[in-house]
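Here you get one chain, nothing else, as structure tokens; it is the form predicted on its own.
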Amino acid sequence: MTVLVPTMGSLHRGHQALIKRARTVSKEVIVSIFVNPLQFENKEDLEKYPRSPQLDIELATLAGATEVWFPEYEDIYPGEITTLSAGPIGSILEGKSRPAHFDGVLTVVNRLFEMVKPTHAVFGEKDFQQLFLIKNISKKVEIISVPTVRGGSGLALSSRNARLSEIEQESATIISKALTAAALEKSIESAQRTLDDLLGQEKAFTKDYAVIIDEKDFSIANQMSQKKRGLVAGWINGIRLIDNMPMNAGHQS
């Protein structure tokens, strides 16, 4: 068995958690590091994406990777690119703000699967919409998900956090605080109000969306939804941040 952990580099403890989970499945763990231009709608964002290849090798190896693979663009896309479509769910929420983003994600993941031919692949829950879409296209590869890894402040670990100042990182904790408070509410309506109210209190945070969805199909959750999740996205100083948590509101016993 071979387990693939696809990443874009700038590894941190969150990525290490994925690699450690992969090692529980197989002794052969390949970590790919490729900053995929197809999933960036903004060239400046692509250029500013943090890169730390030497540190990535060290962190991946420490976590248990048996191979750290840095494919070139020509390796992944040797000729004309056949882009996969993420479908309707790929065009809402994160996909609405980042057109063609998920098409790019699915295209590169599919290519990585074709090249490595893993039996399993590991992804984090922080990119929950991405995880949902990858599970939908994966026919031969078993997808393993790992809960979001957080810092001591509750902030979800992300490579983009490196672009935030200490003050901005403190401001960013409003996202996890809002989600945590919303998860304690007894109704979906009160959970939504809590999300909106708390996020609105942080002036440094510009909200894109804050919704509670049914995990089954990404529709807006209702009282009958078996599994509900709060999803939040927005910007601090132009840097996009996303997070999510399971919601207990309206749970049917």
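Note that the structure is predicted; figures quoted are calculated from it, not measured. Numbering starts at 1 and runs along the sequence shown.
Keep in mind that the form predicted together with ligand PAF is not shown, yet the notes after this line are about it.
Interface residue among Ser225, Thr66, Thr194, Asn36 relative to ligand PAF in the predicted bound form, by the heavy atom within 4.5 Å criterion: Asn36. The single contact residue among Ile174, Val109, Ala182, Leu133, judged by any heavy atom lying within 4.5 Å of ligand PAF in the predicted bound form, is Val109. Only one listed stretch (125-133, 141-149, 164-172, 82-90) carries heavy atoms within 4.5 Å of ligand PAF in the predicted bound form, and that stretch is 125-133. Ligand PAF in the predicted bound form is approached by Val105, whose closest heavy atom lies within 4.5 angstroms of it. Shown alone here, Ala249 lies farther than 4.5 Å from ligand PAF in the predicted bound form, counting heavy atoms only. Taking a 4.5 Å heavy atom cutoff to ligand PAF in the predicted bound form, the contacting residues in 1-23 are Pro6, Thr7, Met8.
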